[in-house]
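There is one chain below, alone, in structure tokens, taken in the form predicted alone.
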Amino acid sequence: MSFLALLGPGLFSLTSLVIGSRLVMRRGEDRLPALLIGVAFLGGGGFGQPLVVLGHALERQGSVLAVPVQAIALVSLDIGATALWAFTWQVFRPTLSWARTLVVLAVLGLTISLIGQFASTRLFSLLDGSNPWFWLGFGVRASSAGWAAFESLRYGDMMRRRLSLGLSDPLTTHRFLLWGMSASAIVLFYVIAAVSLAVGGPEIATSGPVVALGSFLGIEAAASMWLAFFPPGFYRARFEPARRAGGTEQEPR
């Protein structure tokens, strides 16, 4: 596998591990949202994605380790997706019953998918597009990123409208955009994977052009994710003139 193919997934996984670990250990009033999104990063990009790649490689080699590795990968991905569903609900729609119901349905879908794949003949073949249980879990996981992207971009747009009135912080507003961009890149990755699997199966899904595009999306998602949750000082400084001009003193969390 080429360096380019490894760069995006590797950077995304490393970023997910670092950010996820920092958020899980975070203390303060926002403990629950930080814990949820931290678990989402660790379960999805931090552990789930690398184990999917490893499990698929072991499967192609006919290794007996393929099944347990892919089993752990699937559970990790589902834990991450569950945490992301719950994070989006708690941060953006905490008081709405339909949002709570949506999360419950998502967890139910992931559970049914997991049981179905456990009982399948090919068990944990995570790139088996002929397995309907695979598509159920795949769709629920993709939707978790889709909902996160929609809510973050929607809320960021609302905050931008308040900037001229000095009612929102420029950096905080921009961080919603960054998180929305990162989640959108993840959704696009799911879409590309779904189309390639449906058209040509694992051979197309793991082909050079598809892997290269996925790598690019991984780099974009990792960069946007880091700037959204832990923007460095030089990046924060870019928004200081706008913050002072708007008269806001709010410190983004």
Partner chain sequence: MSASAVFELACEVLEAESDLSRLEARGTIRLALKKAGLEAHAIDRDQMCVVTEKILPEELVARGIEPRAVLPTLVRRLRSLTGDTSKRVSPESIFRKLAGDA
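Model, not experiment: these values are computed from the prediction. Residue numbers count along the first chain shown, from 1. The term rigid core refers to the most C-alpha atoms you can superpose between the two forms while keeping them within 1.5 Å.
What comes next is about the form predicted in complex with the partner chain, which is not displayed.
Of the residues Val187, Val53, Ala34, Val69, just one reaches the partner chain in the predicted complex with a heavy atom at 4.5 Å or closer; this is Ala34. With a 4.5 Å cutoff on heavy atoms, Arg162 counts as touching the partner chain in the predicted complex. Proximity of Ser143 to the partner chain in the predicted complex falls outside the 4.5 Å heavy atom cutoff. Among residues of the shown chain, Leu77 is not one whose heavy atoms approach the partner chain to within 4.5 Å in the predicted complex. By the criterion of a heavy atom within 4.5 Å, Ile219 is excluded from the residues contacting the partner chain in the predicted complex. Looking at 110 to 118, 134 to 142, 78 to 86, 147 to 155, the stretch with residues near the partner chain in the predicted complex, meaning non-hydrogen atoms within 4.5 angstroms, turns out to be 147 to 155. In the predicted complex, the residues of 214 to 232 lying within 4.5 Å of the partner chain by at least one heavy atom are, in order, Ala228, Phe229, Pro231. Shown in the overlay between this form and the one not shown, fitted on the rigid core, is a CA shift at Pro68 smaller than 2 Å.
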